[in-house]
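Coming up is one lone chain in structure tokens, specifically the form predicted alone.
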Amino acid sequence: MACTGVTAGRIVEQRAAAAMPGLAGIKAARSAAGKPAARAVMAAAPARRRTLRVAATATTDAPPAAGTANSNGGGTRVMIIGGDGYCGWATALHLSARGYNVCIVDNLVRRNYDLQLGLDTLTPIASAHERVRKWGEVSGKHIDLQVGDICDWEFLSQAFTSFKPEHVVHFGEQRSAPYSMIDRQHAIYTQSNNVLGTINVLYAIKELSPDCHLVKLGTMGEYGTPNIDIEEGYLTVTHNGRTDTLPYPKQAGSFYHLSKVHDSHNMHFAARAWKLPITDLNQGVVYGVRTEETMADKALINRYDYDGIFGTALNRFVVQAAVGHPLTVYGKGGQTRGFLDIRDTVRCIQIAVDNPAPKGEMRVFNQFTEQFSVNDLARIVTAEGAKLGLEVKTVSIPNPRVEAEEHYYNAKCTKLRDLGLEPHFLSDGMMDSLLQFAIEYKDRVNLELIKPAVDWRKSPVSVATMSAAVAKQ
């Protein structure tokens, strides 16, 4: 069959580009298509921008058809709740670049937490609207942005009805243990926001998209630190001569972690009662800023939290090393957890979407790639800092949390690797994923925000918002 206006060589180039992943494939395909295709993208830009208008209720305009030859998502419709957050934003771009039809649902409250507490991300981030607009400009891909609260049933039901998701990836919860322990008000907010929002999502799937697959972000913190191996979600038990496979016992360490436990129980019930397909991802501590897509333009960069409320120990250590402040280890430093690179987080989500759970089953994947103690992290950051001529010291400070500081920890994490996850390792990516950004943006660091100001033992009844971010001298 003859090709009109395109040479056979150009077709070969386009097919080669189709085999490339993500943004690299998009760029290669555009180059292979040449200037006429580029002009077509530019001509379509005004129409695409018009679809990005956002109201407090769900939009009803159908998004443009997704999927091009240079992707493998095939236009699969994926709603990402919490898509403006740290994990959600990177996931939205990762899936969009690979041809999935993506809709972000977010009430933008994560940004409001910073305003309330006087915090700020180390890396300056653009508004949600500008991010989505810039992604369309850079990639030629449309992401639908719907701003609203999933605890508002009217909004959520409209979002489901208008987008008709095949998969829902649910990141949309208050994600900080210290935030949940600030005071009674923040504890209640965390549990009501997280638990009730998830119940709304379960009802939306049941009533409006019964074949939709739910991919829910849980946490390894649900398990606590038991003195036995941690299995992936379920444990086979023999008791008094009888054997059963039951949900793994949970020993959460904060009101935030407990909200995730409640989510897991509610989802397990909904899967059995309503035959919903559910994947619960018990994720470890995520690190890193860099993914292929978030580095495509400064307006797409992801957030980096280093403060005592939302920042992790690793993020905090890297910033302290960059500015010449001693690394602050809580207590004895033997607290051990699972970790993974943000590049692996987005890949895990894609794997879960591409391999959905059967209807009526809540399967559980432990989503991490390595285990480190706090002391391990301090040693790694010290060694990496020395390569750059940084003299890094470590000090121990009283632990504001109620947790075991020395304990056994051996968690299983084989299911995602069996499905194709090829992990990145901290030893290979410290410079690219973290230290480079901390050094570049060190002038934005406020050291007062790093000190722990929330003490698990002192969580008061009175409102403590104004004293939560900065420790008393």
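The first residue of the sequence shown is number 1, and the count goes up from there. Worth saying up front: this structure is predicted, and the values here are computed from it rather than measured.
Not pictured, yet referred to below: the form predicted together with another copy of the chain.
Engineer: Under a 4.5 angstroms heavy atom criterion, identify the one residue in Gln158, Asn399, Asn266, Thr382 near another copy of the chain in the predicted bound form.
Structural biologist: The option sitting close enough to the partner is Asn266.
Engineer: Give me the residue from Phe310, Phe365, Tyr287, Phe255 that has a heavy atom within 4.5 Å of another copy of the chain in the predicted bound form.
Structural biologist: Result of the distance check: Phe255.
Engineer: In the predicted bound form, does Tyr330 come within 4.5 Å of another copy of the chain, counting heavy atoms only?
Structural biologist: Result no; Tyr330 lies far from another copy of the chain in the predicted bound form.
Engineer: Hey, in the predicted bound form, is Asn200 touching another copy of the chain, heavy atoms inside 4.5 Å?
Structural biologist: The answer is yes: Asn200 has a heavy atom within 4.5 Å of another copy of the chain.
Engineer: Please tell me whether any heavy atom belonging to Asn227 falls inside 4.5 Å of a heavy atom of another copy of the chain, as the geometry stands in the predicted bound form.
Structural biologist: Asn227 belongs to the contact set for another copy of the chain.
Engineer: Lys250: heavy atom within 4.5 Å of another copy of the chain in the predicted bound form?
Structural biologist: It does: once another copy of the chain is placed as it appears in the predicted bound form, Lys250 has a heavy atom within 4.5 Å of it.
Engineer: What stretch, of 209 to 217, 276 to 284, 115 to 123, 181 to 189, brings heavy atoms to within 4.5 Å of another copy of the chain in the predicted bound form?
Structural biologist: Flagged stretch: 181 to 189.
Engineer: Hey, which residues along 231 to 265 are within 4.5 angstroms of another copy of the chain in the predicted bound form, non-hydrogen atoms only?
Structural biologist: Stretch hits, in order: Glu231, Leu235, Val237, His239, Asn240, Arg242, Thr243, Asp244, Leu246, Pro247, Pro249, Lys250, Gln251, Ala252, Gly253, Ser254, Phe255, Leu258, Val261, His262, His265.
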